[in-house]
Structures are given as C-alpha cells and as structure tokens.
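First structure 1, then structure 2: two forms of the same chain, each alone, as structure tokens.
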Structure 1
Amino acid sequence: MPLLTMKDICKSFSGVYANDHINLSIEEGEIHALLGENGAGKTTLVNILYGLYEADSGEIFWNGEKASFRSPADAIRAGIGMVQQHFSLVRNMTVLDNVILNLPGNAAFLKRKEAGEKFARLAAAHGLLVDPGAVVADLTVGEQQRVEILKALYRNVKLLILDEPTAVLTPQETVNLFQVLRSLAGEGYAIIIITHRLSEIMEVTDRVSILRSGRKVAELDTASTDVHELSRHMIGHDIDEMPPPDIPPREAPMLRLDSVSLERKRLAQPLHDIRFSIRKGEILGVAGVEGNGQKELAEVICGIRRHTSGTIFLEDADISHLGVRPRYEAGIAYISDDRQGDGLVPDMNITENLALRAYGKPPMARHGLVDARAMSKVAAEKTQEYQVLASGRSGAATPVRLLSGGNQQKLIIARELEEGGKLIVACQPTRGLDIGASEFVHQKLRAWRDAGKSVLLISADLEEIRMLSDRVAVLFGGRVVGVLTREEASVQALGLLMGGVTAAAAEGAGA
C-alpha cells in the first residue's frame, strides 16, 4: 500500500487549469521528483497536498485512508512536512526556538532543555549540523534549509516535500543535502522534490513525475531513463518550425557584453563571465528556467545594477560607467518582467505612467514645469496607437493597477518603444497575456527588429523564443551555457542546456 496517493486532482485559477486530473503515488522510502517548467503545476500540486490550497476535485489517500488537509497544520499533524522555496523562519530567533515554535504540545513555559536534547538526537542521526543556539539571521542559506528540514522532522513527519531545494545552494551544500535525503529515504521517509535540474534528478531520485501545462505527461523510473528523455517530456514535442526571418540581421553589433560579471555578497543569482553580442536588426533570445540570472542580466544591461567586472559596449562605445538615465538616452529601453513591481507605479494613472521616461523633456516639460495638457495629449495618442483599453469613464486618469495585465503590458511597451531607441531589453514580455495581447507584443518586437534595431528577448516560454529569435542564448546558474543559431535551437538542444546539461556532459550522460 502506498504511503500517499493523490487521485484525479484538479485545480483551476480563474478558469485556467493549474492541475488537470493529476495522479501521484508515493511509497515509503521513495524519493520522487516532480519535474516541469515554470507554470507546469508542480507547486500547485504540493500546495494542495500541504493544505495551502483546496483542490476543486480529486481525492487524497494517506496511509490508505481518505484524507483532506485544510491547512498546513492539518498536514503536519498527519505527517506531511514541506520546505518551501522561501523559508518560513523567524530571522531574529534562535534555531531551537524556531524549531519548537508553535508546537501543539507547548505549555505556557517552554521546555527548552528537553527540546534541545531531541533536536541534538535528530540532527546527529541525519547529519544535519546546525548550532541550536545560533540566531537564524546569522546562518547561511544552506544552514537555514537544514533548520527547515529539522523543523519538519521534529514534528515526526513521514513525508517531506522540498520545493526547488537546490536553487539557493552552493554545489557543496547540494552534495550534503543529497546525502541527507538518501539517509532519510533509507530510514523509510518518503520525499517529494520539485526541481527543473535534470542532473539532480538522475543523481538522487527513484522515480520522476513530469508535469506540463497542468497535466502529468509521464512517470518514469529514474534508473531506466536519461536526461534526453526527461527534457523531451518536460518541454513537449517539437513545435512548428520557425518562420524564416523577414530581413536578415546586419553584421554590425549593437550591444556587446565582454566578460561581464555581477558578483556581490547576498545576491540571489550572481552572473559569471557573460559574453555575447547582439547585431543590428537581430532578436537574440535568452532561454532558461527562471531564476537563473535573467532579471540580473536585464538590470545589468540597463544600468539598474552595476556589474562588478567586464565591459558593456553599445555600438562600440563603452557604456559600463553610465547610469540608467544616460543609457536610456543612448538608446537602451527596458520592458520589465514585473509590471506592478518596477515597470509601473500601480497607484498612479495612465498619463503619469506614460510620462516616466519623457517627463523631463519638451513637450512634457518646459523650464522645470510639467505641462499636464501635453502629457494628456501624449497619453491620448499612445493609448490609441497601442490600443490600451481603460475600463470605466476615467480614461487616462485611471490608476494603472485597475488595468488588466495585457493593458498594463501595452502601456509599458508604448512607453519604452521610443523613436530614438536602439535596443530593447524585453523581459518576459508576454507573461500572463492572452493570445491576442501576446501577438500584439510579438508584432511590435518584430517591427522593431525589422527597422534595424535590436531586441534582447528574455523569456521562459520556449515557443516564444523559438518563434521570434534569430539566435538563442541559454542561461543556467548565471552563465551563458550556449548560444545557438536558429537552426541549432531545437527543443531538445534548448531543453538540455536549460537543465544544465552542456554538450560535453550530455555526451557523457548519453553514453
């Protein structure tokens, strides 16, 4: 009898299936991987199991009995623990206090001594070395993860879920984590590990379930598969061949990155030795699973972050020392992937948001004074041209947070695609948009390219990358692990690179 069985789990968010009849079963002592791209439904599935979401339909059997967890507290009581991607530790409390925080058995006075002994036993048994008296804020990310695992073990869980556990770890910490997981499995603990890193799956798991667009597309024994098969399942079958480029790119480079690195302490994802160039009239796609340095790369090119070494050239001029504003003046525009986070000011209106780049120049401003009428006129023209639809009667005075995602995106594009621009850094430009809005964005980017300008298209959507790009660079772990031509950029080739399997390694794994 399996420890856990999830049967026909369905969950939709505003009409879109995040989980579409998913079945999953886990045995004791098994390490089971959930593999899939962003948005494939992995996290939704485990959140349902952990009581964070309620499934629309489907059943969960735990130890052979039908179960339903209405909250993480329910799940933990039953014996299911989860280490989320963003840790839920109290930073200025000690490790031990974090572990015993909110235990059901806690009385008015905490029994720290007893707890400390149990903690020490667990830590020693599983090689999870952390100082129980240390304050969490002083720990490395790897140590904090160990605290999270100990927290779960302390609550006597039988099943441990880890969401992208290695994303934040150094290679050495990853090796340690895998040893811990193996030892836990050896004692009968079941483990679900969410990841997109193919090599890690091969290294540590027993079985793999692969999700794509909310459906489970395959379940394989790790021993009888290889990275090629995994990546094929993850990405899906070949999409239609790409349409040929309308106008071939010119030879002259628009932007060149020469050994650019971004290496500072406390950086979510550093960049290492990035080298590539974009020609005039070219769209260079940047593929990769999110969180592998995409945002950092975009911000380094736009000047929002300063790279720590290397040189950036725009049309052969060194722009490394320039700030955001001068780089924009020089022709670098930026479509941010985070519309409400940094691309727009949600509580300001359409007119004011459209003025973000040009507010200081005629016609919008003269002698330091802002010309509200000129601003409104520009806003009227742009909303017309880019078909930004504001609901309600307030028109261009509508706060942009009330617009749909598609309209917000059009607004950013209307603002960023200026006459004088040369290069646009487009970060996830169609995320969350419907087909119509996506096509609109694609059409604008193509027109920009055909006018002899350049596009850096950063996207997690492979179909989009393959459809638009003249060449494709792949980011993994803050490095460019390959630059492929249009012809070379097959789904398989991209999939392997995105999973961190470089050409040399793939040959080794295939052999």
Structure 2
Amino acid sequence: MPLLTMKDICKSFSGVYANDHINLSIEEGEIHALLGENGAGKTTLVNILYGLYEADSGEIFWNGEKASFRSPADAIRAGIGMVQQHFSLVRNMTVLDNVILNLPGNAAFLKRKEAGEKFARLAAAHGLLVDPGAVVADLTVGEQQRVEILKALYRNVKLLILDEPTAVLTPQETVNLFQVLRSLAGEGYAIIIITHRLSEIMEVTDRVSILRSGRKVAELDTASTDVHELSRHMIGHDIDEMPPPDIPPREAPMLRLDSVSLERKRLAQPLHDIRFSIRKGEILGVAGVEGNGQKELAEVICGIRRHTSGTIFLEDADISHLGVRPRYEAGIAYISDDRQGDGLVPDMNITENLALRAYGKPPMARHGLVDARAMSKVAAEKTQEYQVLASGRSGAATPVRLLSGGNQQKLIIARELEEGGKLIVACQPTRGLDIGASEFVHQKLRAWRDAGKSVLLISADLEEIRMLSDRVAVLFGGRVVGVLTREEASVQALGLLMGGVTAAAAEGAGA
C-alpha cells in the first residue's frame, strides 16, 4: 500500500488549470521526482499536499486513509515536511529559533539546551553545518537553504518534499545531500524531489512523474529511462548543447576592480583585495562555495554596498563614489539571486515591475510625469519579446507573485537588459529554472556578450559556469584565488580552487 496517493487532483487559477486530474502515488523508501517546465503545475501539486492550497476536486490518501490537509500544520502533524523554493524563515530570528518555531510543547516550556543538542546532531550527521545562533538575515542564500532542510528533518517527517533543493548547493554539497536522501530512503522515509536538473534525477531518484501544462504526461522508472527521454516528455525535444563563444573578447576592459575590500562587523572582511577585470565582449564567470563573498561582490559592483577600500572603474571612469541609480544609469544592470526579495515587488503587477528602473524617463514619463499608456505599451512589447507568460486574462496587469519562477526571471531580464547598458551582473540567473527557461536566459546573456557588452556571471552551477564563461574567477574566503581560461576550467580544477587549493595546483589538475 502506498504511503501517499493523490487521485484526480484539480486546481485552477483565473480559469486556467494548474493541475488537471493529476494522479500520484509515493511508496515508503522511495525517492520520487516531479519534473516539468516552470508553470507545469509541480509546485501547485505539492502545495495542495502540504495544505497551502485547497484542491478544487480530487482526493488524498495518507497511509491508506482519506486525508485533508487544510494547513501546513495539518500536514506537519501527519508527518509531511516541505522545503520550499522560496524560503519561509523569520529573518530577524536565529537559526535555532526558526528550526524549533511552533513545535508542540514550546508554549509552556522551551528546552533550548535539548533543542540545541538535537540540532547539532542533525547538522553534523547530514553535513548541513550552520551556526545555530546566527541571525537568518545574516546568512547567505545557501545557508538559509540548509536551515530549511534541517527544519524539516528536525520534525521527524515520514515524507519529505524538496522543491529545488540543490539550486543553492555546490557539487560537493549536492553529493552530501544525496547521501542524506539515500540514507533517509533506506530507513523507510519517502521523498518527493522537484528539480530541473535531469542528471540529478538520474542519479538519486527511483521514479519520475513528468508534468506538462498542468497534466501528468508520463511516469517512468528512473533505471529504465535516460535524459533524452525525460527531455522529450518535458519540453518536446532533446537538449541542445550550447556551442562555445565564437567571438573573441576585446582587449579593452569594461570593468576593473583594483584592491577592492569590504569590511563588516560580523565578518571581518567578506571581500579582501579583489583584483580583476572584465573585458568588453566577455563573460567572466565567478565560482565558489556559497558564502565566500559572491553576493557581496555583486552588491559592491552595483553600488548596493559601499566598499571600504580600493577603486572600481567602469571603462575609464572611477565609479567608486556612485550609488545604485547612478551606476545603473552609467550602464550597470543587476540580476539578483533573490527574485522575490531583491529583484521584484511581488504584489505589484508586471507593468509596474518593468517600470521600476525607468519610470522617470522617456518613454515611460513625459515632463516628469508617468505616462501610464506608454508604460503599458512597453510592458506589452517586453512581455512578448521575452516570452513572459501570465496565467488568466489579466496580462501585464497580473501581480508578479502569481507568475512562475521562470517567468519572474524573464521579467527581471527584460527590465535589466536595456539598450544603453554596458555590464550585467548576473547572480544565479537560472536558479530554480527549468531547461527551457534556462536556455532562454543563456541565449540572452550570450547575445549581450556578442554585442560587445560584458557579463559577470555568478553561479553555483559549475556546468553553467564552464559552458558560458570565457574565463572563470574563483572566490575563496573573500579572495580571488585564481582566474582560469575556458580550457583550464575543468570541474577538478575549479573544485580545488573552491576548496582553497593554490592556483598552480588547480591549473595542473585542469591540464
């Protein structure tokens, strides 16, 4: 008897089906993948199971008995845990407080020492180390993901749902996570994993359910399929390998950092003596384990953080003293790794989000006044050019929070890649995106590069880094520990640099 059965689940938004008669069963000790493009209905389905949404019709059976989860609290009590793609942590609380928040028995007497000891055991056992006393707001995105995983494991779940769990992990961390998942499955726990990385599905799962446009189109045993079949079911064609860049970068630098450092009270120097340049017509990849200064580097270049020493040049101009808007107007655009927190205003609509950068200048404004009709025209053009799909009939008036992750990312790119731009700082630009959306983002970044502009690509996906970059800089401990050419940047060489090994040793590994 399956641990979980979902039968004929239907759910629609604004008259459009997100789930159309979906059937799903999960066995004890099974790792089951949900695969599909952004907007295919995967997250909606697990949100129904977790009590975040209520199905329009259909039935759920848990341990053979009909069940109804009207809230996450109901699901958690039953033994269902979920790590969502967009975190549900209280940012001004500590890690430990987030993990034990709302646990039964906490209201009368909180056994903090006992809770801390259990947390430490879980963190050590699963290789998910994070300071229990740290405030969540001070953590990197990767560290916050670890807290979410630990929060679920702390509750002794029978079924663990993981929505894009490796999107913020390094290859080494992904290997450790998969070891955890296999161990849990071996102990009888059931696991649902939502991922767009076909290689991960082949490596760690037992079965795969594939959704397309809200319907389940296939269910396959992982051992009897391959990535080509998975791709055909998901997007209708095989994955195309992206060719290497065929236009050599120019010698003239677009951006130059000269001895740039950043000091903070809690982290003495998250950036130390950063020296590198990006040439015109070049994609410079930045690799490194989460928390080694990648986010700080992006924000220093864009002016969000003010570096404490050193100089930043855009072409020949010293922009060290400029703030965010003057740097944007000088040609620096930014794709944040946190779409909903930094990149968009979720409760504003598509038109309004597209206007956030340029609402005060033509064509969106005339004589200092916003032109609503012009804004709508620009939004219509951008959504068509960048294939931003909104559900229902609202079109560009759709609140951004109702868009899929892929469409949210396309919206940011449509806003940031302006004609007058010179440099795009792309921080985890394909995090959580499916194959089709990722290909779209890659095409836009390469087109930007081929037009003689520059891209600083910060990504935790080494294959993405190696596929797109002309050169790769590696950050470790807030320092640039090596810059490798495309030919030198093997996975082995990058892995050594990411672990703090000297550049000479890393280059030797790449030979």
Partner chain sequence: MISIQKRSAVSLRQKLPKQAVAILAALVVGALVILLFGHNPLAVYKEILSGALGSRYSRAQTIETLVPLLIMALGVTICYKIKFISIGTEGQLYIGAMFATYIALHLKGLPGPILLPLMLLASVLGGGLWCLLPAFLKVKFDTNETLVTLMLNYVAIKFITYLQYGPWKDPNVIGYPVIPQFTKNAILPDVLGIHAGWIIALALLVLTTVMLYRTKLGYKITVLGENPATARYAGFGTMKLTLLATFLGGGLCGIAGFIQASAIENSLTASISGNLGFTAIVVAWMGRLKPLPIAGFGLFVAVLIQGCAYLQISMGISHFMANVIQAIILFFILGSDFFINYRIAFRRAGEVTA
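The first residue in the sequence of structure 1 is number 1, and each one after it adds one. Not measured: the values here are computed from a predicted model. Note that the rigid core is defined as the largest set of C-alphas that superpose within 1.5 Å between two forms.
**Student:** So which is it, 1 or 2, that shows the form predicted together with its partner chain?
**Tutor:** Here the form predicted together with its partner chain corresponds to structure 1.
**Student:** Is there a C-alpha shift of 2 Å or more at R275 between structures 1 and 2 once the rigid core is superposed?
**Tutor:** The answer is no; the displacement is under 2 Å.
**Student:** Once the core is aligned, does A489 move its Cα by at least 2 Å between structures 1 and 2?
**Tutor:** Not so; A489 is displaced by less than 2 Å.
**Student:** With both forms fit on the core, has R466 moved 2 Å or more by CA between structures 1 and 2?
**Tutor:** R466: C-alpha displaced by less than 2 Å between structures 1 and 2.
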